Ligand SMILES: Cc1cc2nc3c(=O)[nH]c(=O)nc-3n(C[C@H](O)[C@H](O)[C@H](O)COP(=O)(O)OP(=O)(O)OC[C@H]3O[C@@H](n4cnc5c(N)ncnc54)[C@H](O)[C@@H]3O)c2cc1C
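A single chain, nothing else alongside it, follows as C-alpha cells in the form predicted on its own.
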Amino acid sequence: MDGLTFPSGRPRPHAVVIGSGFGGLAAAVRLGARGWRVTVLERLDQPGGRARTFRQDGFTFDAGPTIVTAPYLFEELWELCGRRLADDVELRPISPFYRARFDDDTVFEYTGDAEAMRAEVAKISPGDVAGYEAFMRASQEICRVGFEQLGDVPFTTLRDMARTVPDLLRLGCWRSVYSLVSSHVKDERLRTLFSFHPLLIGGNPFTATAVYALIAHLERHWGVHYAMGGTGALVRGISRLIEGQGGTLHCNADVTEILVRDGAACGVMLADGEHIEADIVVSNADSATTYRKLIPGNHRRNWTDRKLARARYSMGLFVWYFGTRRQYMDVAHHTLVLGPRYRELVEDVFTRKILAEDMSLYLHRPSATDPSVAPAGHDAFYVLSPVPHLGGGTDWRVEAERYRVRVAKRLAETILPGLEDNIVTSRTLTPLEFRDELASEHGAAFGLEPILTQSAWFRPHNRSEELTNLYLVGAGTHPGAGLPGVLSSARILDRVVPDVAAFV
C-alpha cells in the first residue's frame, strides 16, 4: 500500500501527531506499522523537541537527552520497519556511567560492574557495602514490577491502579527514593549518589516515590549508551523510518488548537489557520500545555485550568553548551560535580524556588567518546544545573549570563582548569526557552513533577479522559520522563488505540 490508501483503494485512517520528541516519533512509527497514515507536526525548525541538535562553529551539541538506557526500546522501532538499529545508528556503551566528584574531592567511579561498585563503596564507607547490595536487590525488584511489568501498561481506570497497590506497598513505594536509599546505606555521600536519579526525570529525590529507585538497576542491567554522532542521530534515524512507512513530518508547523466534533478529537488547527483533519490525534506536547492551551475549557472536565494551576511541576534546567580550543583528556564522558549541600539545595530548587549560591552540576563531554562532535584538538561540552521553574520568579533575561559565569567558575575550580580562557563557542538554554520554544508549562523541563499523587493513574492518561480519539505520549503522561519512559508511553498506544479497521 502507498502512503494514502489500502490496496483496495480505500483511504487509510489518518493520525496526526503533535510534536516530534522521542514520544511523538516513536508513536508515529508504531502507528505506521499498524496501518495508519501518519502526519507529524513540529513547531520548531527541526524534529526532536527537547532532543533537537545545535550546530555551532564546527561543534555539534545535543540539546537535551544524552544518556540512552534500555536500548531495546529503540531496537523495537527499527524491527517494526523490518530494519536493524545497528545498521543506522551505533550505540556505544559508556564506562564509567558517571564519575562523581564530591565537594570534599572524593571521586566515585559509577559503573555497571557489581564487583567494581562494591569496591568503590568500600573506599568511601566499608560498613555500607552490604547495605548497598541490599539496595540494589530492592532496585532490581522495583524495576521488575515498576518498569518491566507496568511500564507499558495503561492506567486508564482506578481499577488499573488498585491492582498495583499490593505490589507497591510490598516494595515500599509509598516512601521517597532518598528514604529507601537511607534505609540501606548510612554515609551521606553514598545516600546522595544512589538517590540522585529522580533528578534525571525532573523529580525531587526527597519526595519522588521510591518507584523511581528502579533506575539504578535499569542502568546496571541494560547499560548506559551514547549514540555516535549524538542523540540527534536517533532522531534522524526514526524520522527516516517514518518517511519509509509513507508518513510525513512537517517542521515549522505550530498547532494552536485540537479540533473537537461531538466530544471527539477530529483534527488540528495550525497557527496560520490551516485545518488538518484526522481520525485520531496524538499529542507529544507538554501534557499541561495540551490541555490548557490546545483544548478549549468547555471540552475539559478533569484537567481544568484550576487543576493544572494547582499541580506540581518539575524543576527547570539551566544548560550551557560550550566548546574549548583544548582537550581535557582526564575528564570522563559523564561527570557529576556535586556541591556542599544536597537536601537544602534540592529544597531551594523545588520548594523555595530560589536560585541558590551553590550548585551541583552534570557535565557531558561527548568528545571523550565521539571526535565527530568537535573540531580536531577541541572538546565539546554541555553542563546542566537544576534550577527552579519560572514559578519562582527568576528573571533569566538578567540572570542567564551571571549564572553562566558562576557555573564556569565552579567547573574551572574543580575539573576544567583555565576554562574561560579556552572557550571558543557558547550558548545557553534556560527555563525561558523551555517555556517559549518548547511550550512547557512554567518552563519546567520535565512537565508534571513525578510524585506519587501525579504518577500512574493520577497522571494525564495515555488515552485522554477528556476527548475520544485523543491520546497522549511523552514525559507528561504515564509512565513519565526519561527516554525509557517516553518510549514506553508510545508503546502503550499499541494497547489503547483501536485497529485501523475500526475507522475504515
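From 1 onward, residues are counted along the sequence shown. Computed from a predicted model, the values in this text were never measured in an experiment.
Beyond what is shown, the protein has a form predicted in complex with the ligand; the following relates to that form.
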{"property": "Triplet Leu44, Ala285 and Glu437 all within 4.5 Å of the ligand in the model of the complex via a heavy atom", "result": "yes"}
{"property": "Position in contact with the ligand when the complex is considered in the model of the complex, options Leu472, Val38, Leu448, Ala445, heavy atoms within 4.5 Å", "result": "Ala445"}
{"property": "Partner-proximal stretch of 313-321, 127-135, 365-373, 349-357 relative to the ligand in the model of the complex, 4.5 angstroms, heavy atom", "result": "313-321"}
{"property": "Ile94, heavy atom within 4.5 angstroms of the ligand in the model of the complex", "result": "no"}
{"property": "In the model of the complex, Pro13 touching the ligand (heavy atom, 4.5 Å)", "result": "no"}
{"property": "The ligand contact at Thr60 in the model of the complex, heavy atom, 4.5 Å", "result": "no"}
{"property": "Any non-hydrogen atom of Asp254 within 4.5 angstroms of the ligand in the model of the complex", "result": "yes"}
{"property": "Any residue of 466-504 that, in the model of the complex, places a heavy atom within 4.5 Å of the ligand", "result": "Gly474, Ala475, Ala481, Gly482, Leu483, Pro484, Val486"}
